[in-house]
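Here you get one chain, nothing else, as structure tokens; it is the form predicted alone.
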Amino acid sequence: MTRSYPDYDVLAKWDTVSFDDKTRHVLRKRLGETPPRRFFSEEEWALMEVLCARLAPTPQRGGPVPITCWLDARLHEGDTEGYRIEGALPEAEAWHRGLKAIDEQARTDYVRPFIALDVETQVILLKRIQKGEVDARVWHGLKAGDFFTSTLLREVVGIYYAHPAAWSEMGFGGPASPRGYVRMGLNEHDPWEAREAKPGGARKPRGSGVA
């Protein structure tokens, strides 16, 4: 598979005017300070690692993006959005109940825990959960489709795309502050943005700077 931005590394901007001290501080934590397990049980953590592998792609450069540890840290610290939909479970309870239900659904359908299923079967089951095609008794009042889309998938994707490895894969230049973006029109690009490769390895006519 041809990468869209094969030569681009957003971290090359580290010492340029595109990053400020606050951005560098946040990225240092994101890159080098993976927090320990404090919220999830060992079984929940192991299940989340497999779910992340199914739901979030591994960047073509480097290993998997750490997701479970940052989700665990947020839930342990009670760092929520400060609201929830009427009738929804408190976030911590929803996570515990939802992960338990995923595993119970696997045991009900395949007589094995989710992490013991082959990849193809895991994907099939997750698609059914997303569509709400589950045994409601296993979910104990929790709506499977809502949990999958609004809680599990939303969180996994959000943490994944906050990591610099994902930024490099999609050609994202990082926070708009402090430098900002100038050319805001359709198909306009600033000269310091990443250059997207054409099929066959050529580059589209864009600026090639990393500053």
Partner chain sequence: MSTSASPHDPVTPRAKDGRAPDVFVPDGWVPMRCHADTEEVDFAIVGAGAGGATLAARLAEKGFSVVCFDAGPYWRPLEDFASDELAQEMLYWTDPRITGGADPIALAGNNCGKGVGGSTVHFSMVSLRFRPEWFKSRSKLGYGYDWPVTYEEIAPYYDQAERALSISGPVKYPWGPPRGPYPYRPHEVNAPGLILGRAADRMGIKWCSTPLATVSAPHGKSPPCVYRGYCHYGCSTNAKQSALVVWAARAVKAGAEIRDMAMVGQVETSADGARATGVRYHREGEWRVQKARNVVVSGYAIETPRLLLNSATPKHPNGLANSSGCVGAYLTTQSGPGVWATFEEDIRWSKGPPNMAVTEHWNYTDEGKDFHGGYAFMSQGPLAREWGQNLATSRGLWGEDLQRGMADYNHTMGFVPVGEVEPRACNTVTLVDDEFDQYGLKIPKVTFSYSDNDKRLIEHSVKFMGHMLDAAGGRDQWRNDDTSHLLGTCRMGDDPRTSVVNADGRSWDIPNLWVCDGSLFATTGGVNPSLTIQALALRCADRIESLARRGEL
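Positions refer to the first chain, counted from 1. Just so you know, these numbers come straight off a predicted model, no measurement behind them.
Just so you know, the form predicted together with the partner chain exists too; it's not on screen, but the next bit is about it.
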is_contact(residue 20, the partner chain) in the model of the complex, heavy atom dist at most 4.5 Å: yes
Could you tell me if residue 137 has a non-hydrogen atom within 4.5 Å of the partner chain in the model of the complex? no
Should residue 64 be classed as touching the partner chain in the model of the complex when contacts are defined as heavy atoms within 4.5 Å? no
If we define contact as a non-hydrogen atom of the residue within 4.5 angstroms of the partner, is residue 123 a contact of the partner chain in the model of the complex? yes
In the model of the complex, do 35, 100 and 112 all reach within 4.5 Å of the partner chain through at least one heavy atom apiece? no
Ok, 27, 142, 47, 69: which has a heavy atom sitting within 4.5 Å of the partner chain in the model of the complex? 27
Heavy atoms within 4.5 Å of the partner chain in the model of the complex is the criterion; list the residues of 64 to 78 that meet it. 74
